[in-house]
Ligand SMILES: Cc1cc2nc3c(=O)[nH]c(=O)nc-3n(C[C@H](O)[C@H](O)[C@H](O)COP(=O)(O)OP(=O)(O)OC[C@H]3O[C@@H](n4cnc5c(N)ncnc54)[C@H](O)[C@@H]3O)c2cc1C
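Heads up, the chain below is alone and in the form predicted alone; it's given as structure tokens.
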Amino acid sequence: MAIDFTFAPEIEDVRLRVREFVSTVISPAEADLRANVSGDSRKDRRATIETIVALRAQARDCGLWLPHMPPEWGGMGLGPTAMAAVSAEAARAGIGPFVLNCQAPDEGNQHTLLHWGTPEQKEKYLRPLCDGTARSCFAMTEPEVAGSDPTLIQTSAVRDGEEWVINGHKWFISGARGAGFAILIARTEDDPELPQAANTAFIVDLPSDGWDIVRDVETMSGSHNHCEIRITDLRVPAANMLGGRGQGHLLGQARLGPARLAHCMRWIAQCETALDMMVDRSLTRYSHGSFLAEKQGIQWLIADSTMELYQAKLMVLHAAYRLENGLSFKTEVSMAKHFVANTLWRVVDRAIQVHGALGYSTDTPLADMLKQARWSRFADGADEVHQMTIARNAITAFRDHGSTRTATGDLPF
């Protein structure tokens, strides 16, 4: 029987080692950080960075460094399916992916440079990312146009000799403050035959004249280094073009597909944490003559969350399998991204409900988890855009084959 829902022994060993490392090393360190919050954002941020740097040394010693990159770049060489297991374990702690050096946006940028960069670009930009001596950002989203439609990008790049001069406006550029470089998407073609061929990707060394961080955009969950950037007469060497001219959209979509799935892998960890907390609370909280776990209304919340988490895991594993085996994966990733993001929101919300006022307070991580979960439904493609993609693919499948089967996972039954 070809279908096997177990990991190979060597992958299972990695998964369990990551779980143990998160449980015994990262989570206690993260708890210490929470317990020693000073209220001074700069001081607290510095403490977090110092903790991550120290833990990274331990991750290297334990052989858990850079799991998604090839061994020649210092990584563990794990494919997308194995990364589903590793990321879901690492994200049980908020700083877990950072400690293993498989966090967004660097993870996606590492893959992008690996597949699109020239040898010179790889040595200059990819090597420091893999070594953990630099951070990066991905600058595509703009405030003036819909972020879900990159063909509308207004930031422009004009050739001037051996340089490109770039002007524009970006925002929600995660990790921009402190980044050593940015992968920037800008319009280079005025009237391309295809709208998707208007943009080009550039590597921008940071800091640079003409790249100005306006602010860290404050969100409902606080400041998280999601920056607004003003770009004024920024000069970038022609050698810093990443990929070909007019291939920025193609590069961006190739980057975002696996990146969306990586988000889903990490969200599964949050879903499972919330469900565990929900069940634990129901077993210990006594009210109106019985424990919450004995009440049908609470059982329904637990049952719905359990079923949705099961679905989420299967969707992520199948999409990762298709990605790893060179099969088309766009529809599967869209379905997974939409479903897992909404599952995260629902499961955390139910966990808060079961915890009552305690869940609404900051005495548990649930309140912060819910605030963080809200962005998942529009980041890397809004729910509605993914639904549009899924519907179009189902319609196309039926038109081409007289059946929607290929749009529902193309499974052999």
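The numbering used is simple: start at 1 and walk along the sequence shown. This structure is a prediction, so every number in the text was calculated from the model and none was measured.
What comes next is about the form predicted together with this ligand, which is not displayed.
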Discussion item. Can you tell me whether Met140 touches this ligand? I mean in the model of the complex, with a 4.5 angstroms heavy atom cut-off.
Written reply: yes
Worksheet item: Does this ligand come within 4.5 Å of any heavy atom of Glu384 in the model of the complex?
Response: yes
Fill in: is_contact(His226, this ligand) in the model of the complex, heavy atom dist at most 4.5 Å
yes
Worksheet item: Ile173 near this ligand in the model of the complex, any heavy atom under 4.5 Å?
Response: yes
Item to complete: Specify the contacting stretch among 234 to 242, 266 to 274, 193 to 201, 173 to 181, defined as having any heavy atom within 4.5 Å of this ligand in the model of the complex.
Response: 173 to 181
Worksheet entry | in the model of the complex, the residue from Leu358, Ala379, Cys62, Ala367 that sits within 4.5 Å of this ligand by heavy atoms | Ala379
Practice prompt. May I ask you to choose, among Met220, Met307, Leu283, Ala146, the residue with a heavy atom within 4.5 Å of this ligand in the model of the complex?
Written response: Ala146
